[in-house]
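One chain is shown next in structure tokens, namely the form predicted on its own.
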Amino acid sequence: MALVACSQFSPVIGAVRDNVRRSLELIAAAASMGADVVVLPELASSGYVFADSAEAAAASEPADGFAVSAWRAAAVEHGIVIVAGFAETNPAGAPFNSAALVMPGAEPVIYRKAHLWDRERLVFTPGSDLPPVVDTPVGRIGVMICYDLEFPEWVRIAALGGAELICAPVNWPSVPRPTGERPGEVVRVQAEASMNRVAIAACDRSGRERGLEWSAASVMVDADGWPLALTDQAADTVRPGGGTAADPHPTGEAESAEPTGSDRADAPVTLLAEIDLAASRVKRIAEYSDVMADRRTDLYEHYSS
């Protein structure tokens, strides 16, 4: 069993040092509650709604910069594993939307988001590596970021790599949904976990940034796909405002690099859940059914493109 925390908060765009300091407070609080793993949101150090790649680059840092170094020191201090999102400097062009996995006694593992969502492709450079699966003191942890979770192949790759827990920093924009329904991203996380028999911890952000309302829908699910912990917003609360999947910037504020005055920081929320990582190693779901062994790769290869 591993005690996993998702520490959801509202990063302020461009305020890297303040965001990191706030994240360190949340990490320390989660560690004091016994957390073995702490997951932070996507782009936790920088904020998200950048006007362009130049503004994102100004808030980016190398993998040995202040943010990752601070998280690494916190991992050592508390004896835990931390997975957190940051804007990573790219000397060859637009920055990367990256996540760092840090733990005691090892170099940081950096993953660069491969599937860029909507306007992200105007701001960031896509990664070109598969999601890492890392041996940690807790177990084998896979790392991916937000929109990566929308691609069944990506989660399956991590599961085939032996991931027992996938940690996913996310930023999910709030979109309209029927009353009583969970955000679609939460439903898809449950489905991906169940189809691959692998636990998933997705840490969202909260608040409003340049007119964009965030779902604040952090969730942790077990290898059966059932939620172990989730925020109220991830359950059935409809958030007003925000954009849509097709137009996540309805008011146009994101076209300007200047703050609009409409930004809102919500109170942070820390979810805790005990997750049985050993269950992720069991792929059999019935006496004669195994979600990995039953794959028909002899047929799939005909449709690989």
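Only a predicted model underlies this, so the values are computations on that prediction, with no experimental measurement involved. Numbering starts at 1 and runs along the sequence shown.
Absent from the display: the form predicted in complex with a further copy of the same chain. The rest refers to it.
Contact with a further copy of the same chain in the model of the complex, judged by any heavy atom within 4.5 Å, is made by just one of 138, 94, 134, 114: 114. This chain appears without its partner; in the model of the complex, the one residue of 126, 108, 104, 162 with a heavy atom within 4.5 Å of a further copy of the same chain is 126. In summary, the region of this chain contacting a further copy of the same chain in the model of the complex, judged by heavy atoms within 4.5 Å and restricted to 181-189, 96-104, 78-86, 204-212, corresponds to 181-189. Using a 4.5 Å cutoff between non-hydrogen atoms, residue 294 counts as a contact of a further copy of the same chain in the model of the complex. At a distance threshold of 4.5 angstroms between non-hydrogen atoms, residue 229 is out of contact with a further copy of the same chain in the model of the complex. Although the partner is absent here, residue 1 lies well away from a further copy of the same chain in the model of the complex, with no heavy atom inside 4.5 Å. Taking non-hydrogen atoms only, residue 122 approaches a further copy of the same chain to within 4.5 angstroms in the model of the complex. Contact check for 9, 19 and 50: none of the three has a heavy atom within 4.5 Å of a further copy of the same chain in the model of the complex. Interface residues of 150-179, taken as those with a heavy atom within 4.5 Å of a further copy of the same chain in the model of the complex (partner not displayed): 150, 151, 152, 153, 154, 156, 157, 160, 177, 178, in sequence order.
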